[in-house]
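The chain below stands alone and is given in structure tokens; this is the form predicted alone.
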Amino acid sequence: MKRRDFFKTSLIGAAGAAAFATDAVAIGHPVDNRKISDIPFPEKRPLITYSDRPPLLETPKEYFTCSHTPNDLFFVRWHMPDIPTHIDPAKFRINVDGEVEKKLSISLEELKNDFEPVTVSAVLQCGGNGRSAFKPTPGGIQWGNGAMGCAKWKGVRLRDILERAGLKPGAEWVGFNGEEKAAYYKTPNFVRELHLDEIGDHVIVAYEMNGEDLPYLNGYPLRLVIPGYYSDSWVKMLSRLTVTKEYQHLFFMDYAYRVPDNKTESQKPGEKVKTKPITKMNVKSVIGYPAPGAKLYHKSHVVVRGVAFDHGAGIRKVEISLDGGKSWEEAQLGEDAGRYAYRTFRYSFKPIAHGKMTIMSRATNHAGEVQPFAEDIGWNAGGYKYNGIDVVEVEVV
């Protein structure tokens, strides 16, 4: 598909959704009633669309009821406007250079046949997911709850690739770069770095997502998968690994995707504070059903359903409140798909009073971390790491 056709197909939907999002005002919890685009992107169903260049697509909240998110419903977040519209898998290579004994140029076929394949189910979540809940509104995409998804990723261990190249003495860092390019030549490339201590066996270079090739908009043909970390480090269309002895000062590591370096990771608007990169995700739950604004029948059988996750400690329980957080009851947890994956939950009840009703969900992980009330979350200039107790307002008729 030619570039002009690729982006033209979603232009109308993008403009409408972006305008709606700009005018939205959120107090306490993310805005979840944004318009879904009428025109889908390639390999995607119609999603909430913020931009077509770069593609920015959000998954509607109603789909967060299953342990894995279908590929055609998976959110999309690119940083640069210039992404390739065609990749020849026979010619594509991932290159390894820098402080290595042997430089590598590995084809997709070699990656799939010459290395041990591994799979991991893991949540991919944008660091700005839920940004629309913050007030005053921070800059950036005003995501609701849908800049996240969970998939079964298949690929090879990053460690295995580095071992094949061989690390020189003193090697400490690995930089990752993909194929997205800036429109202006002075704009820095989107490069992320990991210290070797951060690279466990769970960190992989993935070529499959839910049993299929990676969708083009989700980073085909390769993307870095770092379970438990926010998605800014999951580099798409991964094409180069550069090993270094020293940390390389880079824009997206040193200035973007950072929060205040203090106990609450918060600041006052306009206050300048020392910052640190966002890395591990915090504990969170999201209600997929019922949807905000839904009408429930009086004394009907209602099953609240949703998903919970964290950075890898694992979900211990999810609780539901029907009285504004005064009392809580445990929901039933679904099958454990792995400590980095969604843990589904369900809670049954019969609404006995007519009128407006608020349903809330709160997750607790095995590390004892509890999802907080929105008012207990401190503000930060980037609008990152929002994980307030989820709130869905419905009407009983």
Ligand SMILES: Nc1nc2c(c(=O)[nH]1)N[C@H]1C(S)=C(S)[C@@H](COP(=O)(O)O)O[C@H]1N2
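Being a predicted model, the structure only gives us computed values, none of them experimental. Note that residue numbering follows the sequence shown and begins at 1.
Below, we refer to the form predicted in complex with the named molecule, which is not included among the displayed structures.
In the predicted bound form, the named molecule stays beyond 4.5 Å of every heavy atom belonging to Asn282. Although the partner is absent from this view, His79 contacts the named molecule in the predicted bound form, with a non-hydrogen atom inside 4.5 angstroms. In the predicted bound form, the named molecule sits within 4.5 Å of a heavy atom belonging to Asn218. In the predicted bound form, the named molecule sits within 4.5 Å of a heavy atom of Glu180. For the marked spot (Val203, Tyr229 and Arg339), a heavy atom within 4.5 Å of the named molecule in the predicted bound form is absent from each of the three residues. Of the candidates Ile287, Cys126, Leu241, Val318, Cys126 is the one whose heavy atoms come within 4.5 Å of the named molecule in the predicted bound form; the others do not. Checking Cys150, Ala308, Val235, Val174 for any heavy atom within 4.5 Å of the named molecule in the predicted bound form turns up a single hit: Val235.
Note on the interface: of 115-123, 295-303, 67-75, 155-163, the segment with non-hydrogen atoms within 4.5 angstroms of the named molecule in the predicted bound form is 67-75. For the stretch 255-280, the set of residues having any non-hydrogen atom within 4.5 angstroms of the named molecule in the predicted bound form comprises only Tyr257.
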